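Before any questions on how it binds or moves, here is one chain, the form predicted alone, in structure tokens.
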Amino acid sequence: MPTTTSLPPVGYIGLGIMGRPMAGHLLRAGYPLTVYNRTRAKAEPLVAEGAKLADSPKAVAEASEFIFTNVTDSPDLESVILGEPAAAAAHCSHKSAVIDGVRPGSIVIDNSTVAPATAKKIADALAKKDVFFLDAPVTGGEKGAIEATLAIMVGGDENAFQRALPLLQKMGKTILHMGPSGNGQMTKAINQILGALHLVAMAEAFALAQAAGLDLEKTRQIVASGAAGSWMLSNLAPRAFAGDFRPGFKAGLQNKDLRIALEAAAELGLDLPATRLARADFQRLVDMGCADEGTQAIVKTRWKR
């Protein structure tokens, strides 16, 4: 690992499938790194590489100029950053959140997928402490996180984005400023709609191929080479064919993201019927007990095994 000491101190909160490799890129680029995760064991590989382990999000903020977060849902993020009660899990006790330790001029960068309204709420709260907030969700799955090829869509202050860009470039390949707070999350909602619909289309099309007795892999190869091709078809269909449902991105999280997209659309007065159908399929998959499997498990709602 580089020994450069002139780089600003960085914190990373949330070291799951995506967060741990993303934080690792920062550490190996030479940034002094402080980490926190509810499950301590998930932080230990980074600590072994030289990261410091904090005992709370507040402690991460106190030690860092740039504070990254990567958690499950909107209530979790509010709990970690603002210290508010979370419906999903109590990440933080009283006065142990990021806002309790962050210094003026710092930048909080969220890589989670949450509601656009949540991003705006947090940005407003941190602004009262002269702290910048960037909603910077990512796409590209575990593979993209490991290989630092993620696409990162960022909402928030333009100058804060420029300050954070060198760090984001250690994690991703395509990084765009999408406008004010909330726009990063709105862009991610659009991404998740497209990804989910592609997955449902894959499951349904190959249910027909299976029923007709076609060779699934040959069928995939030929249709993927033409206008029907997609990332899902190229990357996830072969895993589904092989019965490999290990998660690069969990089906339960995709279900949650579609809920966020539908709520955002409703706030804008839009009805998205195809998205509602995709959400119903992913909810069915969750109800089948497959929430922790990869999104390619959507084929289980269509295929015969």
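Computed from a prediction, not measured in an experiment: that's the story for all the values here. Heads up: residue numbers just count along the shown sequence, starting at 1.
One more form of this protein should be noted, the form predicted together with another copy of the chain, which is absent from this view; the next part is about it.
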Does F206 reach another copy of the chain in the model of the complex, with heavy atoms at most 4.5 Å apart?
yes
With a 4.5 Å heavy atom cut-off, would you call A189 a contact of another copy of the chain in the model of the complex?
yes
Is L214 part of the interface with another copy of the chain in the model of the complex - any heavy atom within 4.5 Å?
yes
Check whether G229 has any heavy atom within 4.5 Å of a heavy atom of another copy of the chain in the model of the complex, and answer yes or no.
yes
Triplet A61, I107 and A117 all within 4.5 Å of another copy of the chain in the model of the complex via a heavy atom:
no
Stretch from 262-270, 63-71, 22-30, 42-50 whose residues place a heavy atom within 4.5 Å of another copy of the chain in the model of the complex
262-270
Name the single residue among L126, L167, A201, A160 that comes within 4.5 Å of another copy of the chain in the model of the complex, judging by heavy atoms.
A201
Could you list the residues in 168-182 that come within 4.5 Å of another copy of the chain in the model of the complex, counting only heavy atoms and keeping sequence order?
T174, L176, H177, M178
